[in-house]
Structures are given as structure tokens and as C-alpha cells.
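A single chain, nothing else alongside it, follows as C-alpha cells in the form predicted on its own.
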Amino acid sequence: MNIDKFQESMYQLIVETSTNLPRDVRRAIKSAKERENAGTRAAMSLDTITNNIKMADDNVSPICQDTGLPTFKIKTPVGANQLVMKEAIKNAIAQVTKDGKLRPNSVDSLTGANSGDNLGYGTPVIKFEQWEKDYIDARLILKGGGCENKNIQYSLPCELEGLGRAGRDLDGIRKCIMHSVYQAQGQGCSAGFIGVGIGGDRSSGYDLAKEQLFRSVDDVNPNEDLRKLEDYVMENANELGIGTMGFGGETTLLGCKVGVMNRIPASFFVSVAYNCWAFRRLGAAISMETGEINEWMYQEGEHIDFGASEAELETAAASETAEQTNIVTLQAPITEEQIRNLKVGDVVQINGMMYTGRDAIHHHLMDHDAPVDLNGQVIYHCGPVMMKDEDGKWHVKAAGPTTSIREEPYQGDIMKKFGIRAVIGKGGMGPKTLEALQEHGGVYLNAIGGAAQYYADCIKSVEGVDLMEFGIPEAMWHLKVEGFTAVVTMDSHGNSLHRDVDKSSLEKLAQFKERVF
């Protein structure tokens, strides 16, 4: 095999996976958009999502800023040199990262140091398997941290909130899957997809669950019991009303695939791998002789490009939403009076400066002064994809929100300490932050998870950066924005959309306690 051609093929696979959503996923998102009620927050979110997909297509840029943990599943003919192939894959990963198609995302677990090229012990994940065919089957999934953190594993029998006892049978498995959708809420960038692994041990069960995500959205499970289970979940999970981004709505789940393996008598695990709407998963059939791609996978059936007539529909939907929703324009720095006037459900457009801050920044600010004056300012939970031009100037290539709940231990204290008025992220925050918003006069704004191109377009310039020692994703970027749109989901009056949706969806979950398929 021509290893240089194989490395080039791996480069193409990584770029396409990062920037080009597969056809089966596009069709699922289109169906969700058609089901949603016009003029709702969920409809607005799906408009943004489809617009983001189109922008990623046009710009050949990352759909989502979160590289996640690249996971390759590769089947090779007998005799293939897997060691050489593994080195070629690593070279391709490093080059794609350098070219700004992936965010550097590999971090030393002890020191926190970012390798800068997505390489390190354990990253990327490359799993080889031999088969009897004469070509290479190479598949890749980029599964971001927000949805990875909503993976869940159950040990049966167990007690489940809202559903009661789940036993070691199909009905117990059904309850676990329904509970897994409920517990994800909007933090995994719903509407999402789930892979379920029944059996195995704790590690092999999770592997089996993630393996289901490599199945096509449109396939039919050959196991009749599992087919019925998948159909049941798809028919009923959307009744929970969690909706896109956890805003409420008609679509919470876009796909469910279930696999089963043997177990030992003492253990019965049900493992669920949750994946966001930005289901970045592709595959290619590669010639063993030439190393070139012969065929792309997951590209059967109708292609939806979300352009042309779709764009016109999006404009109409956005106009209808604007007529029904209170849209408030804020110029940073923002006053407490302006914040106190906002309420849950308002749509906010921000102009001026905002500053990124993720885990490392929040931890740092608890014991240190801020590198800039944050009084009245906006913190954006975001780890962007950044590139330098020939003149050494930084440019934003992708900049969607990260999951906010990780900052719950710090957020309220930091807002009060530095006078921060608004926090932007995804998935909402907890009671400690909500109490601080009420006491201090702050607001939480939910941006659309995964919409990395949409928000990058709102960033007009990079005015500076601090704390680069934490790495590109964790540094504090100074961003000048225009028309940056988000929804108020936690206000300064003690109201939280996330709390309300959680409560209502738990009540609906209880309806499935006795329902069988």
C-alpha cells in the first residue's frame, strides 16, 4: 500500500468528518425541523443549527468547535501493517489540527498541559480489527465533551427517578434508556442520538454503546426484540418535551440504536453513549493497493444542503420568531438595571466585548485577579478554534458554547467578585449560580450548542488574549462581537427555564413507568 496516499485519505476523512455532516444525520435534523412549531425557541434553535450546517459546508470549517476525542474504527485485510497505518493516522491528525479543522484537545491529565496537536497517550483512539475482505474500512467519530459527559451506565437491578425499579429484563432496559434521555436534558446539545450497549462489563459495555453510533440512522436492527425497543424509544422519548437545547419542544431524540452482548451472571449493565445533534461520524472504503478512497459511507439517499429554498424558509421562520419574541440589544459593558429588566424567554443580541472562560479560567479567577476589567462584562463559556495568519494575527475559525454546568462551583462567586453581568453557555446552570444571579443582578444566556460557525460569524475581531499558558481552548480570548444572539434561560428574579423543563420532563417520564412495548 502507498502509505503516503493512505495518510492523505485519512486527512480527507478527518476534514470531512469535522466539516460535513453525513446525509443520514441531515435527514434526521430536517425531519425534526419540520415537526417543530413555528415561532418557538426550539424552532429558532433548529434554524440556527441548519444555518450552521450550511456555513460549515460553504467554509469547509468545523461544524462544532469541540474536537472531542477522535475515535477511529478500522477493519483491515490480513497482512496489513497496522503499526505503519497508526503512525499515518497520527500524522494526519496533527496536520488537520495545524490547518485549523480541529481544535487542539489532548490534555495531560496530571499537569493540564495541552499537547497542541491532538496527540498524546490515549489520543486519538485507534481500534483495529482484521477481516476477510480485500479493502480497508475506516470510520471516525468526533464526539464532543458536552455529550460525552452525558453518557451514563446502569447496573441492574436499580431504582430510577420517576420510573421506579428497573429489573434484569427488557422492561428494565427500556426504563434505563428512557431515563438516560431524561437525565441528559439540554446539556448534551439535544436533540441527540443514543447508542445503547446491553451486557458486557463496565468497559466493554461502553464500547458496545459507542459502537452503535457507527450504525446508520436509517438501518433496521436484525434482532426483533431490539428493533421493537428502538422503535419504542423513538416513538416515546420525544413525549418528554425536553426539546432542542433543552428549551422544550417536539424533538428530544433523533436516533436510537441498541446492541447486545453476553455478560457474567453477577453483572447486568446497560450503557448509554449520548451524541449531540452535531453527529460527526463518517467512513470510507480505502483501496489496500493504492491507499486511496474508493467510496464514502453514510452518504446514501437524499442529500440535504439546507441552502436555497431552505434558507428562505429559515428567514421566514426567523422573522416569525422575531415578531413573537422580545428581542433586546445589549451593548457591553452592561448595567445592573438592564439585567434586572430581562426575563426568561427574552432573546438577547450582544454587541461589544466578551471574554471566553472555561474550566481553567474559572479555577484561576477564584484565587487571582482578572487580567482585564470584567465589571459589567460578559463571560462566554467557549473554547474556540483559533488560527494565526501570516502577520501573527489571531482569527476565530469556530466558536460555539461549551457546557456550563462544569463551572457551577465557581460561577456565582466569580460574577460577584468581578462584577460580571452576563454568562453565556449551553445547558444551563444550577441553584448556586441562580441564587447569585438574583443577589448580584446577573443573567445566564443559552447559546445554541454546536453552532460554531454561526457564532464565529458574529465575532468581528480578536482584540487580545490572556493566560495562553492554559492552552488555546482554555485561554481568555478578548472577542469583539456584533449581533451575538442567545436566549435568557436564567434571570435575576430566580427563574430558570432549565429547572422548569427538568421538572416537567420528570413528570412526563413517570408516565412510562408501567408502559410496555
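In case it trips you up, residue 1 is the first one in the sequence shown, and so on. A quick note: this is a predicted structure, and the numbers were derived from the prediction, not measured.
Separately, the form predicted together with a small molecule exists; it is not shown, and the next lines address it.
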- prompt: Among R174, R358, K257, K101, which has any heavy atom within 4.5 Å of the small molecule in the predicted complex?
  reply: R358
message: Between T76, T402, N114, T97, only one gets a heavy atom within 4.5 angstroms of the small molecule in the predicted complex; which residue is that?
response: T402
message: Given a 4.5 Å cut-off on heavy atoms, tell me which of 235-243, 335-343, 141-149, 286-294 is the interface stretch with the small molecule in the predicted complex.
response: 141-149
message: Can you tell me whether G192 touches the small molecule? I mean in the predicted complex, with a 4.5 angstroms heavy atom cut-off.
response: no
- prompt: At the 4.5 Å heavy atom threshold, is G383 in contact with the small molecule in the predicted complex?
  reply: yes
message: So, T489 and the small molecule: in the predicted complex, are they within 4.5 Å at any heavy atom pair?
response: no
- prompt: Does the 4.5 Å heavy atom contact test between S45 and the small molecule in the predicted complex come out positive?
  reply: no
